[in-house]
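Just the one chain here, laid out as structure tokens, in the form predicted alone.
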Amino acid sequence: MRFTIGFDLDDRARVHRYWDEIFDTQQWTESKFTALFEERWASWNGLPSLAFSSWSGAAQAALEYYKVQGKTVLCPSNTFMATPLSVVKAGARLEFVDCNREDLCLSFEDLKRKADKFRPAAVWVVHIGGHIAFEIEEITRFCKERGIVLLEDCAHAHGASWNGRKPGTWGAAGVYSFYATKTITLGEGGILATADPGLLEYAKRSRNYGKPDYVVPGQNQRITEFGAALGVVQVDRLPDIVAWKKAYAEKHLDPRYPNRVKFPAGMVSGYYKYIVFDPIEKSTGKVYDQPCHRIMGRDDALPVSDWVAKNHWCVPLYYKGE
């Protein structure tokens, strides 16, 4: 199965119709489709949502709002470099936490140890591969008890749920990516989902140079109307894409790959990746070839993160439609 962007060609005419409307109105940014995309995402995610030009812009707004500069933020090493770099860019001290073998996500046991040691202001939990971190409930309770801001990196988690609850709803905010490889994509883009009205207002100004009063030191992180229109179509198609991938995985892949990531009862994965723990031919590679602490030249003792990097592979699983 060759890589295919998660876009149904049946939606092409609808996208073109929306783009024609944008051409006709001459409003290429900050208009109808941006608001509509945010409404559609909020309806799926269950939280007020704000569109950005990238995951990084949304993450940066959240970290700035929660005033982590000069403080410690904990982050898993088994993630994309965007997550730890968001901490560095926010002016915080970065410390890494190990992951679990079962889900490749943040280890609750190591989180407790690192929280006692470093007294963090915030924690990033990353939902790896399309499923929700298996220990998210324990992590959430712990962070609430300690007064630690919990942020969810949901870059992989489009379409996921656990007993109906969506990613981003456990922490103070969830941040999604719409890069070209994601389950649904705008080519580039991100979205911030949060129940915190203060963060929502701060982020709205942050993405637009701090307008209208420039009190917030914002930059340009706006999304175009063309990208937002594509987002409207993609959110509407998300249930079909996830259902197709789930059915394909259960019929064709699960019987062949018993040594794989197995989800708890009630969890639905968006199947951004199909992760197995045996070497396979024609793998799409790994979720991450190296943990971030290795990339950054650090010598943190994170044995499971190192083990995961060497001992998992991804089976091709791309939406083909009907």
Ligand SMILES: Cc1ncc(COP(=O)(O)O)c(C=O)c1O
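This is a predicted model, so every value here is computed, not measured. Throughout, we count residues from 1 along the sequence that is shown.
The form predicted together with the ligand is left out here; the points below concern that form.
Proximity to the ligand in the model of the complex, defined as a heavy atom within 4.5 Å, holds among Ser206, Thr183, Thr83, Thr194 only for Thr83. Checked against the ligand in the model of the complex, the residues Tyr66, Trp55, Tyr274, Phe37 give one hit for a heavy atom within 4.5 Å, which is Trp55. Of the candidate stretches 150-158, 164-172, 111-119, 234-242, only 150-158 contains residues with a heavy atom within 4.5 Å of the ligand in the model of the complex. In the model of the complex, Tyr179 approaches the ligand with a heavy atom inside 4.5 Å. Using a 4.5 angstroms threshold between heavy atoms, Ser107 stays clear of the ligand in the model of the complex. For Ile139, no non-hydrogen atom is located within 4.5 Å of the ligand in the model of the complex, even though that partner is not displayed. Interface residue remark: Tyr288 is counted as part of the site for the ligand in the model of the complex, having a heavy atom within 4.5 Å.
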